[in-house]
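In the block that follows, a single chain appears as structure tokens, in the form predicted on its own.
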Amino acid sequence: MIHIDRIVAGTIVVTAVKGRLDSSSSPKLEEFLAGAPSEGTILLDFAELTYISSAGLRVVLKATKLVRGAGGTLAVCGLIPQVHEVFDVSGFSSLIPIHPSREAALATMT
């Protein structure tokens, strides 16, 4: 089960994801992100994300490519240690800016 909220903080669209991001829930995030303006700045707040699978990583990568292709920026924040390890092992930590918290991300992204 996954729960997604969108919050606009100035020019940044914050997408807060709660729960597990796996093959059954990743289509919901993919659909949700498709409705976000790709030319802006998107912050994926994963502070309450407890698990991410390769299907979830695929959605993050696809969103990153779309946003960057439109001249925008995508970053993530609030990774718990287990999710951060998945980002590290998969190489995503070198592809996508990762911030320790939403506050830290917003301070550097604005």
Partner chain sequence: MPRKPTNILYSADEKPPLSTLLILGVQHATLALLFIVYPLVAAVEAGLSFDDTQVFITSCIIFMGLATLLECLPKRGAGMLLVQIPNMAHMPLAVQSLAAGGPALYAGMSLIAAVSQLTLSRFMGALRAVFPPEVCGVAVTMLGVALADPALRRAFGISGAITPDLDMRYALVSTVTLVIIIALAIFSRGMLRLFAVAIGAAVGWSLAAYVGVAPEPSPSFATLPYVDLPRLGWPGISFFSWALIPAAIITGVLSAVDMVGTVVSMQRMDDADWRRADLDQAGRAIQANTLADMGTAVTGGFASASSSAAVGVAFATGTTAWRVGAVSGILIILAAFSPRLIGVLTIIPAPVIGAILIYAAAFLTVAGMELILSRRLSDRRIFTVGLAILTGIAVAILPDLVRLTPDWAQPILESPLSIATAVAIVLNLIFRIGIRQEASRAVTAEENPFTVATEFLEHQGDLWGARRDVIAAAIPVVAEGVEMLLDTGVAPGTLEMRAHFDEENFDVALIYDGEPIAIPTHRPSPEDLLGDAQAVARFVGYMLSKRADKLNVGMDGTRQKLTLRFEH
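Bear in mind that the values here come from a model prediction, so they are computed numbers and not experimental data. Numbering follows the first chain given and starts at 1.
Absent from the display: the form predicted in complex with its partner chain. The rest refers to it.
Engineer: Could you tell me if residue 86 has a non-hydrogen atom within 4.5 Å of its partner chain in the predicted complex?
Structural biologist: Flag for residue 86 set to yes.
Engineer: Does residue 20 reach its partner chain in the predicted complex if we count a contact as any heavy atom within 4.5 Å?
Structural biologist: Output for residue 20 is yes: heavy atoms within 4.5 Å of its partner chain.
Engineer: Quick one: is residue 28 in contact with its partner chain in the predicted complex, heavy atoms, 4.5 Å cut-off?
Structural biologist: Taking the distances in the predicted complex, the answer for residue 28 is no, it never comes within 4.5 Å of its partner chain.
Engineer: For residue 61, is any heavy atom within 4.5 Å of its partner chain in the predicted complex, or not?
Structural biologist: Looking in the predicted complex, residue contacts with its partner chain include residue 61, since a heavy atom lies within 4.5 Å.
Engineer: Which residue, 80, 66, 36, 55, has a heavy atom that falls within 4.5 Å of its partner chain in the predicted complex?
Structural biologist: The residue from 80, 66, 36, 55 that makes the contact is 55.
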